[in-house]
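Here you get one chain, nothing else, as structure tokens; it is the form predicted on its own.
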């Protein structure tokens, strides 16, 4: 399945993101997670390269596991430390494995790592993939609050337009916690002539580790409601889990009610969270996609 074609048949897509285990780790844990997620019937499951590009070698391997479970995989591909030769090898591996959907990313900067002379931006990678002649559908990433390295959001959107013009067929957003940022961003995309489908990236804050690490890495704005939730339940694991699922559910319902083209759920390989949120929104998705 080509993911861009799914947007033609559905008003709103629903998908998950997982990340591979460390290169030396056994695949059994992530295989079990994939099987549990696949049972929830998402439109696709994306497979990351890991922070700073770690786990890149296992992306195709995990994507194949997703495919074997009957769900379409979306393989992340980063270029910040890559050459044309290494990207060509990755594309060949994905193609031979039957993977047809790629999320083209620049990737995170890693201290001390030599950056690519062939790929400065994700748009360069998109162009390279499209010129490869291989039958890939290419997705891209976007930032409702603006890319942290962009001087302002208008510059970021101009750069995003270059990526879309290069051949990106749909966009997944970075995580955010204030839906008004997404709505404002969507209006700006329309004014810029960017009309590809945009899925909202939602990260349920259900563990202390999410609060401590993910927020600092993403740079996402923390609304007062989230701050109060964290303050109240930071050291109460069960309550934080329940509150985080409830907040993510409310975000998703609001986004879908406003006409968002879909939700991409960053579940941190936690099938329990995916199951709970899916149970909360499955009837809403069914109603929206009713033919």
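Positions refer to the first chain, counted from 1. What you see is a predicted model, and the numbers here were worked out from it, not measured in a lab.
The following text describes the form predicted in complex with a small molecule, which does not appear among the structures shown.
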The listed residue (71, 206, 122, 129) that reaches within 4.5 Å of the small molecule in the model of the complex by any heavy atom is 122
If you check 187, 149, 195, 111 against the small molecule in the model of the complex, which one has a heavy atom within 4.5 Å? 149
Quick check: do 100, 138 and 169 each get a heavy atom within 4.5 Å of the small molecule in the model of the complex? no
My question is simply whether residue 90 lines the interface with the small molecule in the model of the complex - judged by any non-hydrogen atom within 4.5 Å. no
When the contact criterion is heavy atoms within 4.5 Å, does residue 49 count as touching the small molecule in the model of the complex? yes
Heavy atom to heavy atom, is residue 105 within 4.5 Å of the small molecule in the model of the complex? yes
Would residue 142 count as a contact of the small molecule in the model of the complex, using a 4.5 angstroms cut-off between non-hydrogen atoms? yes
Assert contact_stretch over 90-98, 76-84, 179-187, 207-215 against the small molecule in the model of the complex, heavy atom within 4.5 Å, equals 76-84
